[in-house]
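Only one chain comes next, encoded as C-alpha cells, the form predicted alone.
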C-alpha cells in the first residue's frame, strides 16, 4: 500500500486483498464465499472455455470529500448482467445477490479505494462464467459469479484530451443480430485485431460502422459514441450496440442542462456536422474525439479544431464525475453508499 502513488495510478490490475464468489449448481445459487486466491479452479471442459459462456460488467467505487464510499448505478449493472446471461443462456444472478456481493467486496477491500483528491477510483469487475464440464454445443448447467476489484487511474494516460479515431471497413465488431447488445467477452475479442491495427496507425481506437450496410455509426472501440450538434446530444442506436450505463447517464444529464437527446441511427456523413464528439463508458467516462479518419474513402472529419474538449462534453464530464464523487447532489438515485 505504501508503494502506491494514487495520483500517478494508471488503468491496470493491482492485486487487492479479497474477491467474492457465488456458485450455481443443481439449479440454484449457493452462498457467497470470500477468497484471497487470485486463481479460479475450473474444469478444462468448462463451457466458458469451449463455447464462450462468459459475461462481465464494469463499475467503480469512489471516495468522496466526506470520506464516504459511493458506487455508481449498481442496480443497472446488475440488470445488464442479467440481460447478457439471458442472451447466452446462463443462469441469471438475482439483483439483490449481485448488490450484496458488490457491497461485500468493496468493503473488504476498502483500504484500496483511492483518496478523494487523487481523482482515481476502485474499479469493480464482476464476471459470470460457465464452469460445468461439457462436450457438446448446448447451454451449461453450472456457473460461477466472481467479483474482483483493483484501484485505477485514468483510462487514457493523456487524460481528458481529444484523440483521433479511424474507420476501418474491413472489420466488423459484431453481427447485426448477434451478441452486440450483450456485455460478453467475445465482442471484445472480435474487436482486438481492428483496435491493434488502428493503434499501429496512430489512432486511439476504431469507430465501427454497422456490419450490414457500412454507412451507420456503431460503437467507438469498446465504448458508445455520441456527437453534439447545436443544442442536440446525438447517439447511435441499433440492436448491435451495447446499452451503455454511462451513455444513459449522460443523456439524462444532457436533458437536465437543456439539450435535446436523439438516440437513433446516425449516418457516417453526420460526423461532418458535429461540433463535439466523444466515446463514453465506465473506464474513461468521456474520451473526446479529435477527428475521425475514414481510411477507405480517404476522408477526414475534424471535430476538435483547437485540440481541446468541447464545452458541452466538458460540462457533462464534470457533472457526472461530481455526482460520482459526491460533489453534486444525486437527484436521480444513482449512488449506493457503503458504510
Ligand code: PLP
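Positions refer to the first chain, counted from 1. Bear in mind that the values here come from a model prediction, so they are computed numbers and not experimental data.
Absent from the display: the form predicted together with ligand PLP. The rest refers to it.
#### Entry: 4.5 angstroms heavy atom contact with ligand PLP in the predicted bound form for residue 48
Because no heavy atom of residue 48 falls inside 4.5 Å of ligand PLP in the predicted bound form, the answer is no.
### 4.5 angstroms heavy atom contact with ligand PLP in the predicted bound form for residue 235
Residue 235: no, not in contact with ligand PLP in the predicted bound form.
### Task
Answer for residue 162 alone: is it within 4.5 Å of ligand PLP in the predicted bound form, judged on heavy atom distances?
Residue-level check for residue 162: no, no contact with ligand PLP.
### Task
Answer yes if any heavy atom of residue 151 is within 4.5 Å of a heavy atom of ligand PLP in the predicted bound form; otherwise answer no.
No, no contact at 4.5 Å.
### Message
Exactly one residue in 254, 90, 223, 206 has a non-hydrogen atom within 4.5 Å of ligand PLP in the predicted bound form; which is it?
### Response
The residue from 254, 90, 223, 206 that makes the contact is 223.
#### Entry: Residue among 303, 61, 280, 309 with a heavy atom within 4.5 Å of ligand PLP in the predicted bound form
By the 4.5 Å heavy-atom cutoff, the listed residue in contact is 280.
### Task
Look at the stretches 90 to 98, 129 to 137, 263 to 271, 236 to 244 and give the one with heavy atoms within 4.5 Å of ligand PLP in the predicted bound form.
Checking each option against the 4.5 Å cut-off leaves 236 to 244.
### Residues of stretch 166 to 181 in contact with ligand PLP in the predicted bound form (4.5 Å, non-hydrogen atom)
The one in contact is 173.
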